[in-house]
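Only one chain is included here, represented as structure tokens and corresponding to the form predicted alone.
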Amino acid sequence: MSDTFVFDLPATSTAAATAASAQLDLLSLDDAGLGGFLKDIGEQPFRARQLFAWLHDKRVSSFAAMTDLSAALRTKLAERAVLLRPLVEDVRVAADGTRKYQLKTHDGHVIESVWIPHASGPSHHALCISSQVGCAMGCTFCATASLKLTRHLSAGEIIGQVYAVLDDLAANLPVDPPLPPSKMRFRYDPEPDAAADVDADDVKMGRPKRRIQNIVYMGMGEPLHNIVNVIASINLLTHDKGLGLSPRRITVSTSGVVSALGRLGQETGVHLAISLNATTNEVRKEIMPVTRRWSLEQLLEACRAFPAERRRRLTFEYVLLKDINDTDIDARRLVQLLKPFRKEEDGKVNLIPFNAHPLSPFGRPDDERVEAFRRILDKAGVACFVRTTRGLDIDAACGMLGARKLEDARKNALPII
């Protein structure tokens, strides 16, 4: 493997999604941006409030649907701007009710999102969304990494996944699927008690019951590699005139882009999940090339420097790979690495048994090995949870997105590589 970790976008895709069009994508703009756009086209900036409500509260997908705007203004908007919302191309439903969405972008790329019912409790559902087309990180256990990076998603394309899924659920799943067996439940949210507070806030504001309580930036792509658009999308999702999600209901997962961690902590109030996956730099370099740029020591130091009031929201994700990072020695090293995060319960670990697939050479440890690893952490006082796989029968589980290539590999009976 090369010692150089390439972080740049491909030369053929140096611009964001909106650059493919000469028109401006309004879905990516906040209310101030909409006001500036309206002023530029000779309209009154106050209409930004109406426009924002149509885009992010009513979630319309065409200018024609904005019926309280004049016909002349709607025509002008259609001439000067676009709404680049991804369109649902396919929905696959798992036995446990998980729904995996393949969505097509305006320029023909396919991205994926996963809706997980009852993820953090009865009727508290999570949506895992993508931040890039493909991924540049090259993690050797992840199916998405095999797609390589094509381009960043714009803020509008990121939140457009949420809006497209909400529309599909309203049209095709009016009633929540049954609760899975208790042994299958897991939680993305490190502070489940916040759910009651957020639901109470919705009742006070007269909002209908949400079909998505948690947003997880854990789909295709590395969110912190696309930090500008990810932060813009978080601001839109939490805007009180839009969906009005609490930052407590959003988790951003990263493989360890240290240079962007501070900015995420300073500009948002979201939860942070670190995809750790190894206890030595040598092993982590082999499975996560980002370690060639930022070592484990640098990553953990950046985590310790994350804004103090949010440190309690840190989650460390640890994918267990058979005979690679799942030994008792690894478990004890993990205990030592996370010692600084055990005060005041400000660090916790999600253990994720690997889901084997033809695009990765690794295997899944058996249940006894997973339990032995968990017991060592638990005995040392590390808050630890074994995440139950959801949506495995439709390739919706952690690290399994990029399904077309994955499905082709299975169809052609390719060996494990």
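From 1 onward, residues are counted along the sequence shown. All values derive from a computational prediction rather than experimental measurement.
Below, we refer to the form predicted together with ligand SAH, which is not included among the displayed structures.
For the chain shown here without its partner, which stretch in 34-42, 47-55, 64-72, 350-358 has non-hydrogen atoms within 4.5 angstroms of ligand SAH in the model of the complex? After filtering at 4.5 Å, what remains is 350-358.
Looking in the model of the complex, any heavy atom of residue 217 within 4.5 Å of ligand SAH? Yes, residue 217 lies within 4.5 Å of ligand SAH in the model of the complex.
With the partner left out here, check for me: in the model of the complex, does some heavy atom of residue 233 sit within 4.5 Å of ligand SAH? Because no heavy atom of residue 233 falls inside 4.5 Å of ligand SAH in the model of the complex, the answer is no.
Can residue 112 be called a contact residue for ligand SAH in the model of the complex at 4.5 Å between heavy atoms? No, no contact at 4.5 Å.
Close approach of residue 155 to ligand SAH in the model of the complex, 4.5 Å, heavy atom: No.
Exactly one of 229, 253, 279, 238 has a non-hydrogen atom within 4.5 Å of ligand SAH in the model of the complex; which residue is it? It is 253 that has a heavy atom within 4.5 Å of the partner.
Scan 126, 270, 159, 142 and let me know which has any heavy atom within 4.5 Å of ligand SAH in the model of the complex. Selected option: 142.
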